[in-house]
Ligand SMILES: C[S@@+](CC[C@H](N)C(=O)[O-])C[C@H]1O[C@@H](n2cnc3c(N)ncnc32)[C@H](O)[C@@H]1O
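There is one chain below, alone, in C-alpha cells, taken in the form predicted alone.
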C-alpha cells in the first residue's frame, strides 16, 4: 500500500475524471484506481494546484481531493520487441528475432544479417525486458560435431555462459558453450518420461546434461537409467545434476561412444532406448536394437527430415534400419513433428515398439 492524493468522484464521472487527471499530468499510473460504493478514488502524483482544482470544478462539479492508501499496480514486463522499437530504425523492426531461447540466465538468439550492425541494441533490449537474463548470446555457427556444439558471440550482459536451468521441477547446471541443451525440447522431456513404466531399464544414448534421464528418475521410483554421452563436459555436468536432483541411485552416467559402450556391457538390457541425436541417430539404430531386450521394447527415435511428408519419411527410414538390424518394428506408437529447425526442415520423433 502507498499513501497518495486521491480524486474522489461518483462512478458516473469516473471516465471523465480519469481523462482529466491524465490531461493535467496528475494521474498516478503506478497505483490502482480504487472502487468504494458509488465512488471511485483516482490516485494522483501530487496535490493539485489551485488552478487545477478550478479546472476540475468546471469539468466535474462533484468531487473531493483527499489522502488515502492505494495498492500498487503490478508492472507488466515490456516485451523485448517493444524495447527494441525505441532503439532500432523502424524499417528493421520486422527483422527483430521473435524466437529467444532462455536457458537459465542466458538468452540465445539468431541475428539476421540486416541487424548485424544493431546486435548490441538487440541484446540490450532482451536484457531490459528479461530481468533474470544476465548474458545474451548470438549464434555464430551451426550445431556441429559429435558434441553438438556451436559457437556464440556475447552481444550484451556479463558474458557468463555457465548457468542453472530449471525445468519440470529439476535443476540443470550447464555451460551453453560446452554442452548441448535446448529448452525447446522441454515438452519432449516430459512426454517421454511420462511413458516410462516402473521397473524399466532405460538407455539414454545421447544424454547431455540429463534432461531426459534425470526427469525419468525423478518421476519414477523403480527405474534404472544408463545416461551416456561422448562429451566429457556434458558428463561432468550430468554428474553434478544427478547429485543436485537426488537421483544417484537411479541414474548411471557413462562417458564414451554409445555404440561401444552398449556393445561392451549393455546388450539386451534395455526396455526403452532414447535416441535424441537427430543428425546421426539413424547410424545408431542397429546398436539401439542390440540394446533392447530379446522380448522387445521401445525406441524413441529423433531425426531431421524435409520434404512434403517428414513424419512418414522418418517412419520409413526407421523401419528399414530396424529390419536391417535383424529386429521388427511391430508398431509405431507415436510419430510427429517436434519443431521446425529451418525452412522446410523438421525435427521429427518416432516412438516405435520393436520385437
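Quick caveat, the model's predicted, so the values are computed rather than measured. Numbering follows the first chain given and starts at 1.
The following text describes the form predicted together with the named molecule, which does not appear among the structures shown.
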- Taking the shortest heavy atom distance, is residue 148 within 4.5 Å of the named molecule in the model of the complex? yes
- Partner contact for residue 212 in the model of the complex: the named molecule, 4.5 angstroms, heavy atom: yes
- Task: With heavy atoms only and a cut-off of 4.5 Å, decide whether residue 107 touches the named molecule in the model of the complex.
- Result: no
- Query: Taking the shortest heavy atom distance, is residue 165 within 4.5 Å of the named molecule in the model of the complex?
  - Reply: no
- Exactly one stretch in 217-225, 262-270, 173-181, 124-132 has heavy atoms within 4.5 Å of the named molecule in the model of the complex; which is it? 173-181
- Out of 185, 247, 156, 83, which one falls within 4.5 Å of the named molecule in the model of the complex, going by heavy atoms? 185
- Using heavy atoms only and a 4.5 Å cut-off, determine which of 207, 285, 202, 136 is in contact with the named molecule in the model of the complex. 207
- Can you tell me which bits of 271-290 touch the named molecule in the model of the complex, meaning any heavy atom within 4.5 Å? 276, 277, 278, 284
